[in-house]
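Here we start with a single chain on its own, the form predicted alone, put down as structure tokens.
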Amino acid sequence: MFESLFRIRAIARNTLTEALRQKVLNILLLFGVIAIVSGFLFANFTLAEQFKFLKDFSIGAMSVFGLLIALMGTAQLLPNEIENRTIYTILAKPVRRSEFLIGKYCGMLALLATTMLLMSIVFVGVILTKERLMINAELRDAQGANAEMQAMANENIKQIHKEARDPRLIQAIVLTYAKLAVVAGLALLISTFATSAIFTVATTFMVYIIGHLESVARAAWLTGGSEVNFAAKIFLGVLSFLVPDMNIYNVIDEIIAGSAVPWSHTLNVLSYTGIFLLILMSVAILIFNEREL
């Protein structure tokens, strides 16, 4: 058991090291950081709108560039190992295929965690900088003003603190990471039978798009009337169970909009993510074990 975990950890560490050396992934991360910082330059709205724009723009940038890193990084894992023939050297050792696959996925999760952490640090820096500038502006405007203006400035400062130090942003970042983990899991599953990285990226992206329509398929399957024939219902039913429901991560938008989303709901989404990833990895291992190398 411990030997298996040690082998998985070694493969994951090696995968993370190789991924960090890839120029394409580093460039995507750099663009993600630049996008988050650039949001600071365009946030010239009212007090509440400035922070909402910064949060929406920054979390959106983290999601988009994280998606690209998850897609491109995961899609290259197996093809690169097969092309470089390093997979034969690894599997010739006492390493199970399941350990190899899990190690690769854990390495990709570590890469996504690293990129999300770096972008989150930049995001926090941008938010805190905006907070300090806005507070300084309020204090300057309040100097020499009447009591009513000073009271208004104090209220604005309280609102600035509240918007800038919103703990709900932690939920948004965690859920964004969970969403990217699902995308990486889908890409890894598809790469176990795909013949090229391009096919993996294209197919995973299509499944990702379909996942945003999955709730529509489920609704049609459950509530469709006579206009939906039996074969269509079966197809929609299978689709709704095989494709992840990406709409459950739309709660991120509600958090950014200021809605109070309880942690219990966030934990439910994370539980769904964990169960779906467990199924994905199980299927991926079954396919990879039967693949001829």
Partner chain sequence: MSTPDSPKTDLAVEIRSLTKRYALPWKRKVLVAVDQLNLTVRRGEVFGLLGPNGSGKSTTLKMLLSLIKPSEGEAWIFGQPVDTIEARRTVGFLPENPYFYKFLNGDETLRFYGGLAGMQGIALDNKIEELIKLVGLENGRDRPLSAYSKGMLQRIGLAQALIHDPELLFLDEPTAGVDPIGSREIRDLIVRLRDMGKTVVFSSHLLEQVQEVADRVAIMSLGKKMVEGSLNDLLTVQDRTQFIAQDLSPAAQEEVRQLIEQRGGRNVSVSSPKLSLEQLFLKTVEYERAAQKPGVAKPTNER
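Numbering follows the first chain given and starts at 1. Please read these numbers as outputs of a predicted model, since none were measured by experiment.
There is also a form predicted in complex with the partner chain; it is not shown, and the following applies to it.
Stretch 88-96 is the answer when you ask which of 129-137, 158-166, 194-202, 88-96 has residues with heavy atoms within 4.5 Å of the partner chain in the model of the complex.
Contact check for residue 11: a heavy atom falls within 4.5 Å of the partner chain in the model of the complex. At a distance threshold of 4.5 angstroms between non-hydrogen atoms, residue 17 is in contact with the partner chain in the model of the complex.
Taking non-hydrogen atoms only, residue 21 approaches the partner chain to within 4.5 angstroms in the model of the complex.
Among residues of the shown chain, residue 154 is not one whose heavy atoms approach the partner chain to within 4.5 Å in the model of the complex.
Proximity of 3, 7 and 289 to the partner chain in the model of the complex is complete: all three residues have a non-hydrogen atom within 4.5 angstroms. In the model of the complex, the partner chain lies within 4.5 angstroms of at least one heavy atom of each of the following residues of 64-84: 81, 84, in sequence order.
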